[in-house]
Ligand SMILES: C[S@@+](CC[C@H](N)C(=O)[O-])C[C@H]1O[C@@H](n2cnc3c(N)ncnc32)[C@H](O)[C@@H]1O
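Below, in structure tokens: the form predicted alone, a single chain.
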């Protein structure tokens, strides 16, 4: 029997400083390092959104799931959507799932599984020498053998979410853009010392602790926001990819390994010329200057029966005046809330730190 201390009730994670304004349950959310994450803005957002009249909410670009989890702690029925698959896994684990947890027996079964066929050893053969040690890669293949044997979809998603967070904690800078084990970078952090197996044991405990029921039938979806069922929701929260002023904002480039791992690269095209085995980038109109304005207009029109809440940044295109004009075509009242914010992306000394103004653009009536 695997010895997992307090697997169902571990100590509160230490990387979250609970604000007295946020629901206590938020202290258990497993923070996921994610480009553009609104995690550190949750207190500000909560103080604004709690006064709006809504019983259910859609998080149209759910990402790490932090905002969706906040809505769930507020007692709202939550619907999540994301065009990428691994955010869908995260939402299945903690938003749609209200009660299912992994048992010690489940963990024993996962950890005892072994990849024996060539088909089951895809990760260790494809990613050798790129991101993780060979032992780590073998562990990932083995875990996937065990995942296929889990009969409960909810348990499978929960274990996968723990595996995804293990991988991003083990990876320097939390992105998958540079080849080489450890990316020649080690600042002595504990996360870089632990094996993926050790991380996984810790993360299954944290995800178990974060599962809770808000008494609502929440749902997670994976697909294009424009083809989502438009059945009425009271509030639609939108945090789409931005067109940045410089560089790029490609989530697939940074998180392709997590995207592939979330479904064992099933149906995904790995680019043959890529040293890090990137997956071909899907098209999104929000990421292209020539298409972004039309995409925002279409999205505001699609959800015009709901309260519209757009999370946006001052360093992106289109600008604030354009967005308020577009939203004003469908809403009588458009209000802009502002907050200075510094994005910290990466942990190395040369990490880019952008001071921006963060907006919540709210359309109602």
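This one's a predicted model, so the numbers in the text were calculated from it and none came from an experiment. Positions refer to the first chain, counted from 1.
The discussion below concerns the form predicted in complex with the named molecule, not included here.
By the criterion of a heavy atom within 4.5 Å, residue 31 is excluded from the residues contacting the named molecule in the predicted complex.
Proximity of residue 337 to the named molecule in the predicted complex: non-hydrogen atoms within 4.5 Å are absent; the residue sits far from the partner. Shown alone here, residue 60 lies within 4.5 Å of the named molecule in the predicted complex, counting heavy atoms only. In the predicted complex, the named molecule lies farther than 4.5 Å from every heavy atom of residue 306. Residues of just one listed stretch (233-241, 106-114, 151-159, 211-219) have heavy atoms within 4.5 Å of the named molecule in the predicted complex: 233-241. Here is the short version: of 171, 83, 262, 142, the single residue with a heavy atom within 4.5 Å of the named molecule in the predicted complex is 83. The partner is absent here, but in the predicted complex a heavy atom of 224, alone among 198, 135, 224, 269, sits within 4.5 Å of the named molecule.
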